[in-house]
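One chain comes next, on its own, written out as structure tokens in the form predicted on its own.
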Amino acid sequence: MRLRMAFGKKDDAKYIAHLDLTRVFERALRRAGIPMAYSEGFNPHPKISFGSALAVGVEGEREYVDLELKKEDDEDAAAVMSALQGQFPPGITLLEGRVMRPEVKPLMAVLNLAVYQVRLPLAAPLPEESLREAILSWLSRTQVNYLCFSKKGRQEKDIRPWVEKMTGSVQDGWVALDLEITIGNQGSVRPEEVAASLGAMENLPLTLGEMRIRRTGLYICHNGRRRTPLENSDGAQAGGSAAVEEGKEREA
């Protein structure tokens, strides 16, 4: 049984690192008594795979995970999710799940768009019209070089190609940015890099040290159409979606 689930990762759970998140799911499966499928070889590991990694400290409203379980394919996904939800730490909530057909491609192979909300406090007043002009100026550039730090050391990279869309508003002394960013095997850009670049290049009074970031969705975009990896057109077996009421009550 290959189960694909959407889940939320909020509040204190946003500090769980991506590698540790696999252990969280593995532990929850064990506690719920749900048998996992394992890889072959000298070091077998449970077949748990996520979509695009979420940075530590960033909340995720709708993340995705694939689980391979030793269960019948026709078993109700809602029953599995209900048993699993009570085993997670606060902040992780299962939202929806579907049993996927074997031929469906992995999440990392199909997800190519991430949507973020970024909020930054202002160090000085900023008219909303000035913010809009700054965003239009940034988007009009064909190249935006940004100095970042990686395992290879200091590197300057062009981050403009990865930003599909950016809008913003000023709300009670805060700047709210909505970003659509291309993701995938060819690379990407982090939302904090975009915000820092916007502030520096357009001389905006943004307080980067108090930035708050939330990823609101991950999508598959093809020929101008956007869809989630749980839609039936991606190979899901109908009738398997469910909202987990226990998880909603727990998070509340």
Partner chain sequence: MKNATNAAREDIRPRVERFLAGVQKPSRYIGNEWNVTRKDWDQTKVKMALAFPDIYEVGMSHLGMRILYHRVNHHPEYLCERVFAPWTDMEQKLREEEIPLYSLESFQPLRNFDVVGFSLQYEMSFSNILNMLDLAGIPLYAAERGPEDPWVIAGGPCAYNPEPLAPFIDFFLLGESEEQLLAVLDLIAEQKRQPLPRREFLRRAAQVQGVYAPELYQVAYQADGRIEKIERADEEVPDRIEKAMIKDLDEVLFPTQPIMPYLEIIHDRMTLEVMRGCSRGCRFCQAGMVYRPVRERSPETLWRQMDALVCATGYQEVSLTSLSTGDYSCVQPVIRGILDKYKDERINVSLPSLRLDSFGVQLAQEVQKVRKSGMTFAPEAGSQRLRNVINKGVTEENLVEAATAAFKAGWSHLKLYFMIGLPTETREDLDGIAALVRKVVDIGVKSGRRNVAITVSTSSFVPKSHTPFQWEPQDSMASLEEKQKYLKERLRDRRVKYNYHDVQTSFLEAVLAKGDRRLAKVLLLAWQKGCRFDSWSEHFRYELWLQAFQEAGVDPHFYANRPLAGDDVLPWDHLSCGVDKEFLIGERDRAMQEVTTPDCRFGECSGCGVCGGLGVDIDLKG
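All values reported here derive from a predicted model rather than from experimental measurement. Residue numbers count along the first chain shown, from 1.
There is another form of this protein, the form predicted in complex with the partner chain, and it is not shown here; the text below is about that form.
**Q** Mark Ala200 yes when one of its heavy atoms lies within 4.5 Å of a heavy atom of the partner chain in the predicted complex, and no otherwise.
**A** Although the partner chain is absent here, Ala200 would stay clear of it in the predicted complex, with no heavy atoms inside 4.5 Å.
**Q** May I ask you to state whether Gln117 is within 4.5 Å of the partner chain in the predicted complex, using heavy atom distances?
**A** No, Gln117 is distant from the partner.
**Q** With heavy atoms only and a cut-off of 4.5 Å, decide whether Pro90 touches the partner chain in the predicted complex.
**A** Yes, Pro90 is a contact residue.
**Q** Given that the partner is absent here, does Pro161 sit within 4.5 Å of the partner chain in the predicted complex, heavy atoms only?
**A** Close contact is absent here: in the predicted complex, Pro161 is far from the partner chain, nothing within 4.5 Å, heavy atoms only.
**Q** At 4.5 Å between heavy atoms, only one of the stretches 220-228, 24-32, 61-69, 180-188 reaches the partner chain in the predicted complex; which one is it?
**A** Stretch with heavy atoms near the partner: 24-32.
**Q** What I'd like checked is whether Tyr38, Gly86 and Gly209 together line the partner chain in the predicted complex, meaning each has a non-hydrogen atom within 4.5 Å of it.
**A** Looking in the predicted complex, the three residues Tyr38, Gly86 and Gly209 all sit within 4.5 Å of the partner chain (heavy atoms).
**Q** Do any residues of 8-27 have a non-hydrogen atom within 4.5 angstroms of the partner chain in the predicted complex? If so, which ones, in sequence order?
**A** Read in sequence order, the residues that approach the partner chain (within 4.5 Å, in the predicted complex) are Asp12, Lys14, Tyr15, Ile16, Asp20, Arg23, Val24, Glu26, Arg27.
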